[in-house]
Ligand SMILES: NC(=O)c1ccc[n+]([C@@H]2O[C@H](COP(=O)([O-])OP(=O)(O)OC[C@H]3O[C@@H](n4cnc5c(N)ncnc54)[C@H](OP(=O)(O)O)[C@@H]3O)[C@@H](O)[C@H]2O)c1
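Taking the form predicted on its own, here's one chain by itself in structure tokens.
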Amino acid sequence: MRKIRVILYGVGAVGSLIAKFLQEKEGVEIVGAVDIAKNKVTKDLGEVLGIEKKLGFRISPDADKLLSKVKADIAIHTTSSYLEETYPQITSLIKHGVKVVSTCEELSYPYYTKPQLARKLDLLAKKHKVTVLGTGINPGFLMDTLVIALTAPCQKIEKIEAIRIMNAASRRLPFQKKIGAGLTVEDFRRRIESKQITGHVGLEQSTAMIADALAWKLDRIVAEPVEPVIAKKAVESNDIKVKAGQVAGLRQKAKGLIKNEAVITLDFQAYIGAEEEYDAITIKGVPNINQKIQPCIHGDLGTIAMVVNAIPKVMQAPHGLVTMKDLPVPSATLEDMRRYVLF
């Protein structure tokens, strides 16, 4: 039985980590890679990944040119958080008959924030008989798919709250910069306003996915302004030192409202020096459910696993744009990946 053939679209920090993990898996092979970074283009993928062996192909800056030469089953897409930016990239993959697993946060549930693009992607994917999925650790699992699964034993549900608190000191430097660690409060607010700092993307999508799974018709979803978490004392990571009074990170909330009452609340906090890390879900209903994972699941490791573990499920899924709530229960793929796929 042949191996599952994978294209990498994006070989940045996350894409590279996924590529290295795929090297450890049985039954899957990377057959090509796309990236536009000048320090990566035309180099062997193995060289860019910093592994000991060459993989026998060079990174291409032109996806259409590569896909016209290389036959792939599925693409791992890791370029941007925003659907308007990734839409042309994903459509090019679809038109070449390649299935897609993307880390684009807005793609995790685009029907609420980008309904027109979502419908276009769905129709195009069905036309070309492929499947498209946006996933990761969050959005994709912790504050949506896991929440949905935990509602299964409930007879009634009144409210849902999910909280993720993480110590950003254990994350990559780009993430620490993304949350504004080390800035003054004034500079933080200025950069948020100018969108130099975006914070976390995906809370609205996760809220909409939960509501859809429960058939709740929300009056609206409110994404509250991003707020700085200010250090009460000096804290530091390996890369950034934060003085007392400076920004250690950020906090964001999204709420799903019915009759002006929050029935879904998602609370995301990431800052250097968090003394307690956890992922917690509280469901008020019959019965009440209280779940807590401590420490919180590592973001990078979790995202890598979610993407790779989704490959066989996307290979088997119906054609079109799907979300995590549409797929079978997520699970690890510990064996040869061909064992999970019917060719």
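Computed from a predicted structure; not experimentally measured. A residue's number is simply how far along the shown sequence it sits, counting from 1.
Although it is not shown, the form predicted in complex with this ligand is what the next lines describe.
*Asks:* Hey, in the model of the complex, does Q89 get a heavy atom within 4.5 angstroms of this ligand?
*Replies:* Answer yes; at least one heavy atom of Q89 falls within 4.5 Å of this ligand in the model of the complex.
*Asks:* How about S81 - does it come within 4.5 Å of this ligand in the model of the complex, if we only consider non-hydrogen atoms?
*Replies:* Flag for S81 set to yes.
*Asks:* Heavy atoms within 4.5 Å of this ligand in the model of the complex: does G249 have any?
*Replies:* No - in the model of the complex, heavy atoms of G249 and this ligand never come within 4.5 Å of each other.
*Asks:* According to a 4.5 angstroms non-hydrogen atom cut-off, is G136 in contact with this ligand in the model of the complex?
*Replies:* Within the cut-off, so yes.
*Asks:* Go through I51, I36, I289, I293 and name the one with a heavy atom inside 4.5 Å of this ligand in the model of the complex.
*Replies:* The residue from I51, I36, I289, I293 that makes the contact is I36.
*Asks:* In terms of non-hydrogen atoms within 4.5 angstroms, which of the given stretches 153-161, 249-257, 71-79, 182-190 touches this ligand in the model of the complex?
*Replies:* Looking at the partner contacts, the answer comes out as 71-79.
*Asks:* Any residue of 313-331 with a heavy atom within 4.5 Å of this ligand in the model of the complex counts; write them all down in order.
*Replies:* Nothing in the stretch sits within 4.5 Å of the partner.
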